[in-house]
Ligand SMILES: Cc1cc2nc3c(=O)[nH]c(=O)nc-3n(C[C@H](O)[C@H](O)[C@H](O)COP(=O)(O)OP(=O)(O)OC[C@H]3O[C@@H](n4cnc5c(N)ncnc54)[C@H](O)[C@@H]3O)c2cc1C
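Let's start with one chain on its own, the form predicted alone, as C-alpha cells.
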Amino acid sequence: MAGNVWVLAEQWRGQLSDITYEVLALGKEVATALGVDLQAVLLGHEIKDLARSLGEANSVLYLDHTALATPVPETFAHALTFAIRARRPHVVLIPLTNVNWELGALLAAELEVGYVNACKDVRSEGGKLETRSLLYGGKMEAIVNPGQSPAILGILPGVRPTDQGRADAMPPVEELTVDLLETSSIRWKRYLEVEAGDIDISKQEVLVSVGRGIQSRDNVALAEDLAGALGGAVCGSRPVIDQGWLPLSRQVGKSGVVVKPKLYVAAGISGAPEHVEGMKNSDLIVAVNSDPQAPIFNVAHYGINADVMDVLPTLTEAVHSRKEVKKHAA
C-alpha cells in the first residue's frame, strides 16, 4: 500500500489538543491495518518541541511558518495541499473542533478530491477504507468507502480514549519548508478571551446542564439552585446558549466545550449527537426529560422520565435534606 496515514496534530496557542491523541490512536489502527506508517503533521511557528508529545506516530512532519502561528483554515489548507502533493499520503485524518472545522472541506477542494466529514470511526478491510459518518446533525449514519487517494477524513471527538494515543517514544522529526506568502486573503486579528470571572466548565466535577425543557431564562435559577447544593456549576446545550440564557463559555457539545465531570445532570436536554459528543464520557450521567423516547436516555446511567420543572426543586430539596442529616449525625 503506497502512502502513509497522516494525522493532523491540532495545536492551539502552543498546546496540543486532546483530540490529537484520540485521532492518533485511531490513525495507528488504520495504519497497522493498511501496513503503512503513521505520520503526525504539525503546523505552526516555533513549536517544534510539541513533536516530543507525538510518540504514537512513527514520525512527525513539521511545517514552520509565521503564517501558521495561529490556525486559519484557508492558510492551513494551502500548507497541507503543498505537503500532500509533495509526499502523497494515502489517508489524512483531521480532528474536528472549532479550530479546524472548515479545514477538511477547503483542503479537499484544493486537491479536487472527495471529503468524508463527521466520521465517528474508520476501519480498513482488505486494504479498503470504511468510514462511519454522521449526517443531518447525527440523525443518520452512513457507511462510506472512500475510493480516491488521498482520502480526506474529518474525525469527530471521542473516537478513541486519549490515553491510547499517548506514548513515551521520541519520534523522528522532518521539517518541510513551505512558501505561504500572500496565499490567503484571511488575516488573523486577535483572540477574545472568555469574560473575566466566568468559570471553566471543563474543570468542574459536578455540572447541571439545561436544555430547551427549562422553558425560559428565569427557570435557569432552578438549575443554579441544584448546582449550588451539589457544589457544581450550570451549563447548557446549544439552544439555551443561542437564546442568550447562558454565556457561550457554558456551552457543552461538539461546537462548545467537551466535559468529563464526576456527575452530569442533563435537565430538559433531548440528547442531540452534537451535545452527547461533549459529555458522554462523564463518570455518572443523570437525565431528566418528559419524553420517554429522548435520545439522552441512551447515554444516561440513570433516567427520570418527568417534567424537569418538577424534578429540579425536588432534587435540590433532597440534597439539602441529606446534608442536614449528615450534619446532625456528625
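Take the two forms, find the largest set of C-alpha atoms that superpose within 1.5 Å, and that set is the rigid core. The numbering used is simple: start at 1 and walk along the sequence shown. Predicted model, so just to flag it, every value in this text is computed and none were measured.
What comes next is about the form predicted together with the named molecule, which is not displayed.
Though the named molecule is absent from this view, in the predicted complex it lies within 4.5 Å of a heavy atom of just one residue from P171, P239, P71, G158, which is P239. Listed residues L63, L263, A272, I47 were compared with the named molecule in the predicted complex; A272 is the one with a heavy atom within 4.5 Å. At a distance threshold of 4.5 angstroms between non-hydrogen atoms, L54 is out of contact with the named molecule in the predicted complex.
In the predicted complex, the named molecule sits within 4.5 Å of a heavy atom of W101. Heavy atoms of G253 reach within 4.5 Å of the named molecule in the predicted complex, making it an interface residue. Among residues of the shown chain, R123 is not one whose heavy atoms approach the named molecule to within 4.5 Å in the predicted complex. Residues of just one listed stretch (206-214, 160-168, 74-82, 147-155) have heavy atoms within 4.5 Å of the named molecule in the predicted complex: 206-214. With the core held fixed, the Cα of T66 is displaced between the shown form and the other one by less than 2 Å. Superposed on the core, the two forms differ at N289: its CA moves 2 Å or more between the shown form and the other one. Once both forms are fitted on their core, a CA shift of 2 Å or more is seen for V308 between the shown form and the other one.
Relative to the displayed conformation, the Cα-Cα distance from C119 to S255 grows by 3 Å or more in the predicted complex.
Put simply, A105 and A272 come closer in the predicted complex: their C-alpha atoms are 3 Å or more nearer than in the form shown.
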